[in-house]
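Quick setup: one chain, the form predicted alone, written in structure tokens, and binding and motion questions come after.
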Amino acid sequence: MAKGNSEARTGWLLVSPPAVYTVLLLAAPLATVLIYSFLTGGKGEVGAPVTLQNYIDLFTQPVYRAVMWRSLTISLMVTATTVILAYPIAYFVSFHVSPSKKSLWLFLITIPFWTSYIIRVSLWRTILGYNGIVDSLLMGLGITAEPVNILSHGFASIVFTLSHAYAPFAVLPIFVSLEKVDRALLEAGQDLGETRWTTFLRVTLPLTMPGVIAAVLIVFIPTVGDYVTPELIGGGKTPMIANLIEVEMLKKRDQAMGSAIAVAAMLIVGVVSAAFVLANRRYLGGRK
């Protein structure tokens, strides 16, 4: 009995440091934001009375609704674009690159991580901006007579930039799932008369859905709350949720409203992510 108590005490001692770390740096700030969202704020102060007005304004005022909808739409488009482009790359590396060279390919895919995220985003200003690389190429080929200036179309430029920034995050989990696929199953499917495309749809894709789901969540969750790209690429003219929170918190000094926006954003991300996971579970269940 004493030995069991000693082992339990040792286990608690091992768990305590990360538990305290989690409570202090994650749970406590989130609880504070949640409490603030139900209070009355303004002029840098937060206090009584407790109210739901922040949430009512958030979902009834057109400005807030427009920013929330824009953030969700951009994130979904970035996620779809990134995963659709990442899957063929991961498939090629897994199935068509020799085992001795796969590490090199993965090394090349991770090269963008070597530079700062802000630097990578800023470089897109040179590519997409007025008289930038894209404009020079289009005018040089005679396709357009004047600069297109894609940056003036904030929505499209943000989608391009975020898709590039998060592409490696989508490639890696899909590649891991593809590596776990038993090649014998694919050969068996083709031996039974299935085409390569049918084998892919009925065998490869369902087996790699965990990697696809991981890629979707890894890309979708952070892009909803991205702050840097709308600020640098969109020039602040196409704000997203994080930019709206910054305005409420720092410029208007309304911490209560900013907290309500943050809580609503977390709920939206949680609901959409859960819906996607459940939908894919039903898809996998239907394929059995």
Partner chain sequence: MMKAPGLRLYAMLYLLVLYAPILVLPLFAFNDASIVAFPLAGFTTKWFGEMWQDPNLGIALRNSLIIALSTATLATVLGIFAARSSVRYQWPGKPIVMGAIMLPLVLPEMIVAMALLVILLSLGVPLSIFTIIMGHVLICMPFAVAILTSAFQSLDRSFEEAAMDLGETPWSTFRLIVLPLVMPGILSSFLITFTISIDEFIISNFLGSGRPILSVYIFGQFRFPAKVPAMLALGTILVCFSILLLIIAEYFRRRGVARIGGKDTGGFL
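Nothing here was measured: the structure is a model prediction, and the numbers come from that model. By rigid core we mean the largest C-alpha set that fits within 1.5 Å across both forms. Numbering follows the first chain given and starts at 1.
One more form of this protein, predicted in complex with its partner chain, exists but is not displayed; see below.
Peer 1: Identify which of I89, V148, L185, L205 has a heavy atom within 4.5 Å of its partner chain in the predicted complex; exactly one of them does.
Peer 2: By the 4.5 Å criterion, the partner-contacting residue is I89.
Peer 1: Heavy atom within 4.5 Å of its partner chain in the predicted complex: which of V212, L72, V159, A167?
Peer 2: Spelling it out, the residue with a heavy atom inside the cut-off is A167.
Peer 1: Quick one: does T32 come within 4.5 Å of its partner chain in the predicted complex, counting heavy atoms only?
Peer 2: Although its partner chain is absent here, T32 would touch it in the predicted complex, with heavy atoms inside 4.5 Å.
Peer 1: Is G189 close enough to touch its partner chain in the predicted complex, meaning at least one heavy atom pair within 4.5 Å?
Peer 2: No, G189 is distant from the partner.
Peer 1: Is M266 close enough to touch its partner chain in the predicted complex, meaning at least one heavy atom pair within 4.5 Å?
Peer 2: So M266 counts as contacting its partner chain.
Peer 1: Does the 4.5 Å heavy atom contact test between Y227 and its partner chain in the predicted complex come out positive?
Peer 2: Yes, contact at 4.5 Å.
Peer 1: Quick one: Y21, L85 and I245 and its partner chain in the predicted complex, is every residue within 4.5 Å by at least one heavy atom?
Peer 2: The answer is yes: all three residues contact the partner (heavy atom, 4.5 Å cut-off).
Peer 1: Within 184-200, which residues have a heavy atom closer than or equal to 4.5 Å from its partner chain in the predicted complex?
Peer 2: Residue within 4.5 Å: R196, and no other.
Peer 1: A19: after superposing the rigid core, is there a C-alpha shift of 2 Å or more between this form and the one not shown?
Peer 2: Indeed, A19 is displaced by 2 Å or more.
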